[in-house]
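What follows is a single chain, given as structure tokens, in the form predicted alone.
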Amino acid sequence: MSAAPQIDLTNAETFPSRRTEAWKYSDMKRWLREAPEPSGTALVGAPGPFYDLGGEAIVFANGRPVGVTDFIASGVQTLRLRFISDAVGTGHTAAARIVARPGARLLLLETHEGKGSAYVAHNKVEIDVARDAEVTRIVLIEEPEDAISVTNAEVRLEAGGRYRQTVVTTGAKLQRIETQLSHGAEGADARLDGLYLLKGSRHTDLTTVVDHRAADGTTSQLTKGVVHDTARGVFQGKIIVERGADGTDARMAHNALIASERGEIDAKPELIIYADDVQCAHGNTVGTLDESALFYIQQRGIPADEARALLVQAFLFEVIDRIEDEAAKEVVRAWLTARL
């Protein structure tokens, strides 16, 4: 099911290029021809955006764990997972493993907090969702405009489990957030949402692969993005329905706005179906802001820049509104509003 080679920051030969089909829009070798020097230590500093929501914490600073790296959830719990980068021209890798036991309800609040410049970060997360467990993963990513980062999440969803994911990012020089989900079906339900707001020359690549392996599973996916200036947004979504996965209901949508003459969006939604009696659909739209709506708002005395921001906010907030946890939803709303 893997959509990516196994990247090793100590070995430049493992860096994917556009010759690798799954990476054709995000050529890592174009920007990184040699292995970076290892990053030094970093301070944790101020608490992350989700601090006020409490819970346990797993923290990495320049790839080094500050305490434990694994977490096992039972009952109702909150976990803040923080990947902190504070480096200049160096590279670091971090890996965490999260397990939700049968019946557990876990709110996973993940942040990628970047300072410094021109660093390379590779973060890996494994998430196991047991039968009848539920994991809600909310990811906020803010990094310097000259950083390179790759985040790989491998999710195993057992029969009857529920997985909810929302990724919100502002991009970097080259940024890829990849989720691979093994769908156990038999009533298991997955939602994979994403949102990108890109300015300057930033680039982000949201790639997902969902593999339905058994009957009667559901997947819902909504990704929205806005690019300004010369930024580039990439969406690659693949849903595979294996033989025997009858009764699958899988739906994927990507909608994006280009708010400049030189912005770019590349989208590649895919459905690969080997089973019968399924309900699967995908959609993709790329356009510009509605000029009539912009005119109408300006007629009410609102300046053009503010009017554009309001339209962009309304467009993107549809993704945030799908977050079920109200407290986390409000944090994400405030975080995104401050960056519009």
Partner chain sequence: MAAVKETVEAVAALEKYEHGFTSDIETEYAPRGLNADIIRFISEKKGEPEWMLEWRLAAYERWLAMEEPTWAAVKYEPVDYQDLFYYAAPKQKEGPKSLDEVDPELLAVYAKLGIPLGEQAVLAGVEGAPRYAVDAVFDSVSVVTTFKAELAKVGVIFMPISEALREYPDLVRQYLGSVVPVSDNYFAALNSAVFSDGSFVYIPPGVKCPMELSTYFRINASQTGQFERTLIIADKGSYVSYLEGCTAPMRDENQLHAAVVEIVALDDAEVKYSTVQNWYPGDAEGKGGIYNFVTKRADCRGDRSKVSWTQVETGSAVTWKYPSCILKGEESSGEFYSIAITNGHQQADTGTKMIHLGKNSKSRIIAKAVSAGKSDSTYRGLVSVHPKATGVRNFTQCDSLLIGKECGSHTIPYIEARNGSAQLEHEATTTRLSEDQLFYAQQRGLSEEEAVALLVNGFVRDVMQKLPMEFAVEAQKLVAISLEGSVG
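Everything quoted here is computed from the prediction, not taken from an experiment. Residue numbers count along the first chain shown, from 1.
There is also a form predicted in complex with its partner chain; it is not shown, and the following applies to it.
**Study point:** Selected contact from Asp146, Glu186, Asp132, Glu264, since only one has a non-hydrogen atom within 4.5 angstroms of its partner chain in the predicted complex
**Key:** After the contact test, the surviving option is Glu264.
Exercise for review: Tell me, out of Val286, Leu53, Ala35, Val44, which residue has a non-hydrogen atom within 4.5 angstroms of its partner chain in the predicted complex.
Suggested key: Partner contact (heavy atom, 4.5 Å) among the options: Val286.
Check your understanding: Hey, in the predicted complex, does Val66 get a heavy atom within 4.5 angstroms of its partner chain?
Key -> Flag for Val66 set to no.
Review point. Even though its partner chain is not shown here, does Arg162 get within 4.5 Å of it in the predicted complex, heavy atoms only?
Key: Close contact is absent here: in the predicted complex, Arg162 is far from its partner chain, nothing within 4.5 Å, heavy atoms only.
Review point. Within a 4.5 Å heavy atom cut-off, is Ala275 in contact with its partner chain in the predicted complex?
Key: Judged by the heavy-atom cut-off of 4.5 Å, Ala275 is in contact with its partner chain in the predicted complex.
Check your understanding: Within a 4.5 Å heavy atom cut-off, is Gly116 in contact with its partner chain in the predicted complex?
Key -> No - in the predicted complex, heavy atoms of Gly116 and its partner chain never come within 4.5 Å of each other.
Point to revise | its partner chain in the predicted complex: contacting segment from 256 to 264, 123 to 131, 101 to 109, 189 to 197, heavy atom within 4.5 Å | key: Looking at the other structure, the answer is 256 to 264.
Check your understanding: Though the partner is not shown here, which residues of 131 to 157 have a heavy atom within 4.5 Å of its partner chain in the predicted complex?
Key -> The stretch 131 to 157, when checked against its partner chain in the predicted complex, contributes no residue at the 4.5 Å heavy-atom cut-off.
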